[in-house]
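Take a look at this single chain in structure tokens; it is the form predicted alone.
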Amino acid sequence: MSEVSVRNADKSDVRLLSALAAATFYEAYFEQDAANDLANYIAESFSPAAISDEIADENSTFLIAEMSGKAVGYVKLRENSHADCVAEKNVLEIQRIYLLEKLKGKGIGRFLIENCIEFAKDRKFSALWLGVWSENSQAQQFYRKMNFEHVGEVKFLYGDGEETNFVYRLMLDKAR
């Protein structure tokens, strides 16, 4: 495997992140989501304007994973974001973590999580937390391998219905 690196995104990465977010989200959910729900979510959430607003938000940080100089995945970290089932106050949310499907299983996801842990520790957060769709057992297994523990759930609106995300937390004093 080629050398993988992670870098902070900035406003010059808006179009890259928009394309990467749309591609990775589509790859992750096209088999189970209704086409219109998926298209609407991608158009609303990952447009260049939406990504530009997120990058400009002082509570958001994007990390881009690159392999041989090509973007292959990304993470969106969110400060000042809380879930009722996460008791700790000084926490950092991994709001999104996506990777191109053909590169899953090659250690890039682990590398991204390790970078999130380092980022959080450097900024003195006590824990990381994330939500993962209740039907995504592969991602849940990955987070458990990374020492995240299931601590609750949150509901979210998607399409015409309500879905469930399981909430996972990693106490940083227990992180590798």
Ligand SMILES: CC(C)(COP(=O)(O)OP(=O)(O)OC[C@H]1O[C@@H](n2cnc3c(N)ncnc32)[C@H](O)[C@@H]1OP(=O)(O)O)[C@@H](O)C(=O)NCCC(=O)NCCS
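It should be emphasised that the depicted structure is a prediction, and the values quoted were computed from it without experimental measurement. Residue positions are given as counts along the sequence shown, with the first one as 1.
The form predicted in complex with the ligand is left out here; the points below concern that form.
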item	value
Interface membership of Lys145, the ligand in the predicted bound form, 4.5 Å heavy atom rule	yes
Distance check, Leu92 to the ligand in the predicted bound form, heavy atom within 4.5 Å	no
Proximity of Gln141 to the ligand in the predicted bound form, heavy atoms at 4.5 Å	yes
Contact flag, Lys106 vs the ligand in the predicted bound form, heavy atom cut 4.5 Å	yes
The ligand in the predicted bound form: contacted by all of Tyr29, Arg110 and Asn136, heavy atom 4.5 Å	yes
Heavy atom within 4.5 Å of the ligand in the predicted bound form - residue from Val132, Ala127, Cys116, Ala65	Val132
Answer range among 36-44, 116-124, 145-153, 54-62 for contact with the ligand, defined in the predicted bound form as heavy atoms within 4.5 Å	145-153
